[in-house]
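Presented as structure tokens, the chain that follows is alone, the form predicted alone.
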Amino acid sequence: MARPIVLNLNAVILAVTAGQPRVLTVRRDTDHASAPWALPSGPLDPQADRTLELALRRWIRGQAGIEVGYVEQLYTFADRGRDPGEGAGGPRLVSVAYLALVREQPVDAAPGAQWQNAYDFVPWEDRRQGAGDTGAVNPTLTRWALSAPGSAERRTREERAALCFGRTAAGWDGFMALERYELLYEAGAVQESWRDREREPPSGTGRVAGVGMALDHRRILATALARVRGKLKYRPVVFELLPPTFTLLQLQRIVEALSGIPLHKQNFRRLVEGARLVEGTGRYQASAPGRPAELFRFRRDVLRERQGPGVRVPAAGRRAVR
């Protein structure tokens, strides 16, 4: 007898507040503070929901009490065994994940919902202050490589780690966020790796990196981070996270928060103005200390003038340092 399939929808809802990327999370069981954090999710109602996106918006409104603007389909996650209940005879869980970009809104009226720093879950992705949390995972990756069954496999593992974490001439690639998470999962450097094996990390393994999430939701978050970093280059999605008028420094801080790397102030300004992505308003930020900063707005005409109008973030290692 064929096992039934349940279609679920997941949402990675990202904002940037005070220079930090924020992700909306919920408790899977609001009666237990120890329940793992999860991404907002809900089932498709085949009778009531005309489209997947309308269903997504409906239960985001119900779970978090917010309305989302920009939404795009991210990926479908359907690996066998994603839900522990499947092993106990339950249905197979297929999740269609979406990416939403919003300005952070209060969720006080939604029990169990909370905005959190996205890099708490994937700390190795934040390289704005240097190598980030890679020091916590490097010993585990080294041990994993050395434990390979044979010299050829060991070299393969060492090469994968070097490529993923920017230890080659190519440098750090922000778009490899998913590959990095999957490598850490395979190496036993994240909590989910041991939880899914129903085992505790062996002594001497080292601490697991970042805050764990329910099911494979950290993998979904890593996928969304890679997607939004790619989008920065060819779509003006970053402006979804800004008020109608903003300073160039505010724009830079949001791009840095999402890309996870620092940018040179003057080079960034020349890049944005040269691409004609913004236009000055002739007004200035009144409350800022020191010299008032000019307020800009997104120049919508750029959408008609050329394809792929995004912010060309330089690769880490090929930038001028502040």
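Position 1 is the first residue in the sequence shown; the rest follow in order. It should be emphasised that the depicted structure is a prediction, and the values quoted were computed from it without experimental measurement.
FYI, the form predicted together with another copy of the chain isn't displayed, but the following is about it.
- The closest heavy atom approach of residue 80 to another copy of the chain in the predicted bound form falls within 4.5 Å.
- At the 4.5 Å threshold, heavy atoms of residue 76 reach another copy of the chain in the predicted bound form.
- Taking the partner from the other structure, another copy of the chain in the predicted bound form has a heavy atom within 4.5 Å of a heavy atom of residue 171.
- Taking non-hydrogen atoms only, residue 46 approaches another copy of the chain to within 4.5 angstroms in the predicted bound form.
- Of the candidates 96, 145, 211, 237, 96 is the one whose heavy atoms come within 4.5 Å of another copy of the chain in the predicted bound form; the others do not.
- Residue in contact with another copy of the chain in the predicted bound form (any heavy atom within 4.5 Å), chosen from 163, 136, 232, 183: 163.
- Picking from 251-259, 264-272, 38-46, 60-68 the stretch near another copy of the chain in the predicted bound form, with a 4.5 Å limit on heavy atoms, gives 38-46.
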